[in-house]
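In structure tokens, the next block holds one chain alone, the form predicted alone.
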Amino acid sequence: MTVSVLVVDDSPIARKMLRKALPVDWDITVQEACNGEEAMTHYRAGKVDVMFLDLTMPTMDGFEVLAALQKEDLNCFVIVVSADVQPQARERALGLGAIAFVAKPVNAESVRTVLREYGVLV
């Protein structure tokens, strides 16, 4: 079964690095968004199974996305990928419904571990 993935980050380089860190054997379709508003547009337009979400973005940040997803009855896995590794940021993101927090720079092993832990990747 194909998994729909949304990569959300204002940095094109960070989006590219995250795409490269996704498991090559994973049956997925990948969409990208460069800010929270675009992420919500993608989410509302169709099925998003897994969202990789940066926290610090213009227009609508990752915390605002998480809050909006909660209001709209979150039904996708959200994995925060951020350089903001302060415990408060991590706790806030998890409290708003993210399933995991991965520090930047992201690597393939950390992504694979999180996906396996939550049963998204077998």
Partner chain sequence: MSTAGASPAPAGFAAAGSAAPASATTAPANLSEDQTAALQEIANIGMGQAGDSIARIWKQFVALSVPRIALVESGRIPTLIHHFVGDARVSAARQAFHGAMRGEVLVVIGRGNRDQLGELMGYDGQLDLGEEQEMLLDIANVLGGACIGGIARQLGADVGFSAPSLIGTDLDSHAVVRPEELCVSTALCVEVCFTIESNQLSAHLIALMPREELVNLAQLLDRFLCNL
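The structure displayed is predicted, hence computed values, not measured ones. Numbering follows the first chain given and starts at 1.
Here the subject shifts to the form predicted in complex with the partner chain, a form of this protein not shown in this document.
Only one segment in the set 45-53, 71-79, 84-92, 31-39 has residues whose heavy atoms sit within 4.5 Å of the partner chain in the predicted bound form; it is 84-92.
Though the partner is left out of this view, K104 does reach within 4.5 Å of the partner chain in the predicted bound form, counting heavy atoms only. Looking at S110, you'd find every heavy atom of it more than 4.5 angstroms from the partner chain in the predicted bound form. Not displayed here, the partner chain is kept clear of I99 by more than 4.5 Å at the level of heavy atoms in the predicted bound form. Although the partner is absent here, V114 lies well away from the partner chain in the predicted bound form, with no heavy atom inside 4.5 Å.
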